[in-house]
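Okay, here we've got a single chain as structure tokens, the form predicted on its own, with questions on binding and movement later.
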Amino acid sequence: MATHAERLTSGEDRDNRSKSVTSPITTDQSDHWKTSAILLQEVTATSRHYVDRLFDPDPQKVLQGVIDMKNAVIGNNKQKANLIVLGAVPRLLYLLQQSSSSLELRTECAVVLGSLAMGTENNIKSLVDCHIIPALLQGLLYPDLVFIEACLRCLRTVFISPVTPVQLLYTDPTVIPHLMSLLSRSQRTQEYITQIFSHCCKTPEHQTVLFNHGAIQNIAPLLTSPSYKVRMQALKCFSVLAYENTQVSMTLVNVLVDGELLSQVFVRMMQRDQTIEMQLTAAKCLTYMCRAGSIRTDDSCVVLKTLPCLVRMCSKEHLLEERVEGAETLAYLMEPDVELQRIASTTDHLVAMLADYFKYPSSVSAITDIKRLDHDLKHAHELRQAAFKLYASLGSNDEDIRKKITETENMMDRIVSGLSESSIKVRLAAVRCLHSLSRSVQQLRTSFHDHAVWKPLMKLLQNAPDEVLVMASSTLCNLLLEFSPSKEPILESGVIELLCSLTQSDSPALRVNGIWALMNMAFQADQKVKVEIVRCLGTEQLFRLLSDPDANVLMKTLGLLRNLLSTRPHIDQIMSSHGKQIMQAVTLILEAEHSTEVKEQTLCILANIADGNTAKDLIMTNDDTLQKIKYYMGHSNVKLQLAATFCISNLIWNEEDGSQERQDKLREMGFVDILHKLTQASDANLSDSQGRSEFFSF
């Protein structure tokens, strides 16, 4: 959501643009444009002169031309752009690669290219398009250290740009091992190479390449370098290498640096006398190692060092980006661990501290730097995103923490506002927070109902990327539980059609959530709702979901079918319309290779069908189904035996019409013998056989 200041600025810009189009051109404006055109011609002419000198036949004049060009482009983006447009880059690369060029000329070319790379993103694109990366990597094969450092400095500048394809570092398999070998040459090579690695390690494949070429052994000693820049870049390397990587993390935990465990080196780097950047990055390293399983969550370096350090980063005395990184890293650290969540929630009033994230920058902000204020206004949404993420992590398990969060000033209003923010990342974080809180029965009955959160949630479901849809539909599943006051208004809003459309998604997660929500909706629902679900979903789609390759989709579909087939009038009505297809689907599932859970759920559906007044005839007239029930009554798995026995119990109940005929048929098929065996079973539930009296009567 744009801030008030941003809206004013954009409004002023629009006004100025409209005036420039509609106002008549004055003499002063005309003169100004003429002057600008002349100046541009002069700049272009000067730039052309620099480029022309690169082609002089005298090598000494070429060298002086490159040196003059270097001095001209420092801090001058316009000059850099002009030189690139006029073709300076291909010539500089040619001179850099020519064997006839002097070492000094090559080095100066690398320096100028590095300066050009420090301009705009368009400059970087132009340099990459001219194949600067292969040329500079080739330059690293020369023995001269000053030239190597100049090439590495330029490569570093190019690779840290977001527009550079990092895969270019991995194209030639000889590059990474050569870079590793250059680490020992100087502090500058160490700084540049580790910075390149930390920016170019984006995927598990990249982590594996660096790991296999000895990144850990080569970079670990750099953590004790006398150079802060080297230590910092080495630390950043370990953070990207360890992220969600068990192999790297398990290796790191045993690494010694000057006789000290690496984890303890990271702990020292989190001390308050270190820079905030170093404290944060060291905390990230330990967080990633903990999440990967190489450090226990109850280890003192996590509980007493890493967690407090990250909570400290959330305080308002830190810069916006530090608060964002601290909150997001803390959320990731404690996401799966309820004890860490409890500890964090009581550390430094964290829950209340996060409320400040929504008030930043305030009208009484201590920020006096106008550039910093402008930056923070543009990035304030990142604070809100980080706060929502951390609240979501804090409240994912503990009821008391959830209560504390919802009682924080205006919290539910802030979540509702977050669901409609312009930033997709804020919307996703807000719905994650809502999902976390929706696990609370108490909050579903109170805060969620009082603030009608289902309305913005439904709006969010209408048009959103899959990532948001998955989280929003997960939250909706909880809002549709039978004890949720939101269930009725959601039903009245026409949600069934939306959920049925989710079951047709290519995303398994969306299919699961769509069918899960329908399953919750069908639980103890009236006949009208069930009929509408079946009508909207369609029998073809229902049976398609029963053969879905995703086990979770299949389980939830069986759960939906089980809820639809509950209470006798509903069972009989649905089976009278769709009995043949349902029996066929049930048979196929019982015959196929499925988990015990799937088969147990399927047998429970049969037990529900057997409880119908007329529906039970579909089982009794199908000998194949009866044989399958008989088979599962004798199965080695107690849960399957129990579920199959439920079916028989419902079929032979004495007080129902036709019970004698059904008992006679089942006796002829040998069910009595199985029931007698079950009475001898060691499992108490089986030996009771659902009330022996009813079985012994036939």
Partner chain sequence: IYIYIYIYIYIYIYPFFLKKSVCNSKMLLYIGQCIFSGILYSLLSISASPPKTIHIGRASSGGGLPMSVLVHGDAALNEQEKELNQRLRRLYPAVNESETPLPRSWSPKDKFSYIGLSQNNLRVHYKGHGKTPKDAASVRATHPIPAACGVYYFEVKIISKGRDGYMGIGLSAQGVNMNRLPGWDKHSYGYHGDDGHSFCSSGTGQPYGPTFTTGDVIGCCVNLINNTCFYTKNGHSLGIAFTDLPPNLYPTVGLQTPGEVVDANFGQHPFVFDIEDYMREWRTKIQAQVDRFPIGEREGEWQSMIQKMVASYLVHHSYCATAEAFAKSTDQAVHEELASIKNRQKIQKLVLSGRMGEAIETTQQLYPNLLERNPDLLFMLKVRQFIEMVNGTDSEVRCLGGRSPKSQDSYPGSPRPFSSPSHKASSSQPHLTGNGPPRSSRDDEYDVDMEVDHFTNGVTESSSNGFLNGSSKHVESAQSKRQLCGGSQAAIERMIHFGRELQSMSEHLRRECGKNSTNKKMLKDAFSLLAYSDPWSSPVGYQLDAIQREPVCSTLNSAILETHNLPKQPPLAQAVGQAAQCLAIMARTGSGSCAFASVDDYLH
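Quick caveat: nothing in here was measured; it's all calculated off a predicted structure. Positions refer to the first chain, counted from 1.
Below, we refer to the form predicted in complex with the partner chain, which is not included among the displayed structures.
Selected contact from Gln341, Ser225, Thr347, Thr446, since only one has a non-hydrogen atom within 4.5 angstroms of the partner chain in the predicted complex: When the partner chain is considered in the predicted complex, the option within 4.5 Å is Thr347.
Of the residues Gln524, Gln271, Gln627, Ser422, which one places a heavy atom within 4.5 Å of the partner chain in the predicted complex? Result of the distance check: Gln271.
Among 567-575, 147-155, 525-533, 298-306, which stretch sits within 4.5 Å of the partner chain in the predicted complex, heavy atoms only? Correct option: 298-306.
Check Asp129 for me: does it contact the partner chain in the predicted complex (non-hydrogen atoms, 4.5 angstroms)? It does not: once the partner chain is placed as it appears in the predicted complex, Asp129 has no heavy atom within 4.5 Å of it.
Using a 4.5 angstroms cut-off on non-hydrogen atoms, would Glu317 count as touching the partner chain in the predicted complex? Result yes; Glu317 sits at the interface with the partner chain in the predicted complex.
So, Arg402 and the partner chain: in the predicted complex, are they within 4.5 Å at any heavy atom pair? No - in the predicted complex, heavy atoms of Arg402 and the partner chain never come within 4.5 Å of each other.
Applying a 4.5 Å heavy atom distance criterion, does Arg312 contact the partner chain in the predicted complex? Answer yes; at least one heavy atom of Arg312 falls within 4.5 Å of the partner chain in the predicted complex.
Give, in sequence order, every residue of 189-228 that has a heavy atom within 4.5 Å of the partner chain in the predicted complex, or say none if there are no such residues. If the 4.5 Å heavy-atom criterion is applied to the partner chain in the predicted complex, 189-228 yields nothing.
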